[in-house]
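Okay, here we've got a single chain as structure tokens, the form predicted alone, with questions on binding and movement later.
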């Protein structure tokens, strides 16, 4: 599933990372616990989280995650956007809850990590 299809599915808005819209995303991982994200050894995933701060960007960087989707209509701060630009990580948000966004993406065929 391409990032642009993911955003269409969850009424998502891209804040930064237009070059990632054609990224092939094979799996999704939903968590607000960044320690759980650090255990992921998969490639081509999207992090779906409600944690809208610099920690989510740093965790994505350490886990080689190129795409982050924030839920519950949370908007990234300018500091987050600047950090994402520096690290080439796309940032998007959706009005949906973590549960609903994950469920919609699963129903469309996005595979889970576990």
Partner chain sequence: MHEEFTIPSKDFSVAGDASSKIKRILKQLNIPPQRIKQIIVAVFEAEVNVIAHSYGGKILCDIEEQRVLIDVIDTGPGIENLELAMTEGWSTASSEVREMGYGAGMGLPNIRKSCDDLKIYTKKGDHTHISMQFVL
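Bear in mind the structure is a predicted one, so any value in this text is a computation, not a measurement. Residue numbers count along the first chain shown, from 1.
If you look for the form predicted in complex with its partner chain, you will not find it shown, but the lines that follow are about it.
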Looking at 74, 58, 85, 27 here, can you tell me which has any non-hydrogen atom within 4.5 angstroms of its partner chain in the model of the complex? 58
Does residue 51 reach its partner chain in the model of the complex if we count a contact as any heavy atom within 4.5 Å? yes
Non-hydrogen atom contact residue 39 with its partner chain in the model of the complex at 4.5 angstroms: yes
Answer with yes or no whether residue 35 is in contact with its partner chain in the model of the complex, where contact means some heavy atom within 4.5 Å. yes
Sequence-ordered list of residues in 1-23 near its partner chain in the model of the complex, where near means a heavy atom within 4.5 Å: none
